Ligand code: ADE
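As structure tokens, one chain now follows by itself in the form predicted on its own.
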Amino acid sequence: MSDFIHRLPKAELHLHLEGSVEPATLAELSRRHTTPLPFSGNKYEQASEGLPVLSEDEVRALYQYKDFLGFLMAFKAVTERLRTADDYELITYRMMERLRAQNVLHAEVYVSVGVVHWRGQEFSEVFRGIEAGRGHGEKDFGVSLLWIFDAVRHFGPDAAQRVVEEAVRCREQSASVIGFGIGGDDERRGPPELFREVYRSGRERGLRLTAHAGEAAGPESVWGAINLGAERIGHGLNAWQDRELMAALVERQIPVEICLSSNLRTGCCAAANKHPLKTYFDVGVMVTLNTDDPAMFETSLEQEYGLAQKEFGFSDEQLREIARNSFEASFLPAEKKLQFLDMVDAFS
């Protein structure tokens, strides 16, 4: 890893809290929780007889999946062991510690609120934990952090609206709650059109809006996200297939949250040389680099910058431009953005 990349001030805008859990931490959590969730009414509990205690090596093996289904199984292994406020405080604090070690100064982090609801857990305890971890992490590491509440698109619009309501309630307790978005394993099972009223509700109540789109579906999914009012596009891998869409992304400067290792590990992109990152950058799309689920993809933000330089020949100055994009595209207030942008510009 180059010293330039390591020291470059950076922000990360597409990072899932649950996907940041390192093998040592999941092994620790697995020793805390070995029984199924004690809630009735969901398919998960009916299929669960007990949870094994995992060693670090077993977690690493779990993270060596070959496709998107394998990734989902790894994600499930993490979320089923997140039970208490202390659990969430632990993973938040450790995530922020790793961010600071890479000179990531600001992050906007997805929390899978839709999954918490589906499991029958009380989100108030989860929020207490992540806020405690955020507060301690900010004090100890100086990392700025905002939360984006994530709904699962194939759970449908009613479940997504419940996530919006949760975001509004929690924002009354903390200004760290900034936005709402939809994700999930199949864009076609939950097309953007289903969520038109949900996004309208979020926008009218002051939430910033994102959407995973164009990861496993085509450019029509990105168009749908834009039509919902999404201010940033998560992944946008297949936007290049539509010339008019590309022109719209450039003209409107809609940020695209690129996740290189994620797209390769899930098989959404067949090979690095087929990834459109450099095309997007060259034509003027506002791209940012992100890890998505860094522990599960065995990456870090500085590794993503290094991968972009190695595979696509980005110069240091072009990487500086991408770092500037990461702050410019953030949901921070203007004065805070300017402070960070000045740091990027002054860096040498």
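Each residue number is its position in the shown sequence, starting from 1. Everything numeric here is computed off the predicted structure, so don't read it as measured data.
The form predicted in complex with the ligand exists for this protein as well; it is not shown, and the discussion that follows is about that form.
Residue contact check for residue 72: one or more of its heavy atoms lie within 4.5 Å of the ligand in the predicted bound form. The closest non-hydrogen atom of residue 304 lies beyond 4.5 Å of the ligand in the predicted bound form.
Contact check for residue 65: every heavy atom lies farther than 4.5 Å from the ligand in the predicted bound form. At the 4.5 Å threshold, heavy atoms of residue 262 reach the ligand in the predicted bound form. No residue of the trio 10, 106 and 257 has any heavy atom within 4.5 Å of the ligand in the predicted bound form. Shown alone, this chain has one stretch from 22-30, 314-322, 53-61, 285-293 that lies within 4.5 Å of the ligand in the predicted bound form by heavy atoms: 285-293. Residue 183 is the only one of 179, 129, 183, 137 with a heavy atom lying within 4.5 Å of the ligand in the predicted bound form. Scanning 229-245 for heavy atoms within 4.5 Å of the ligand in the predicted bound form gives just one residue, 235.
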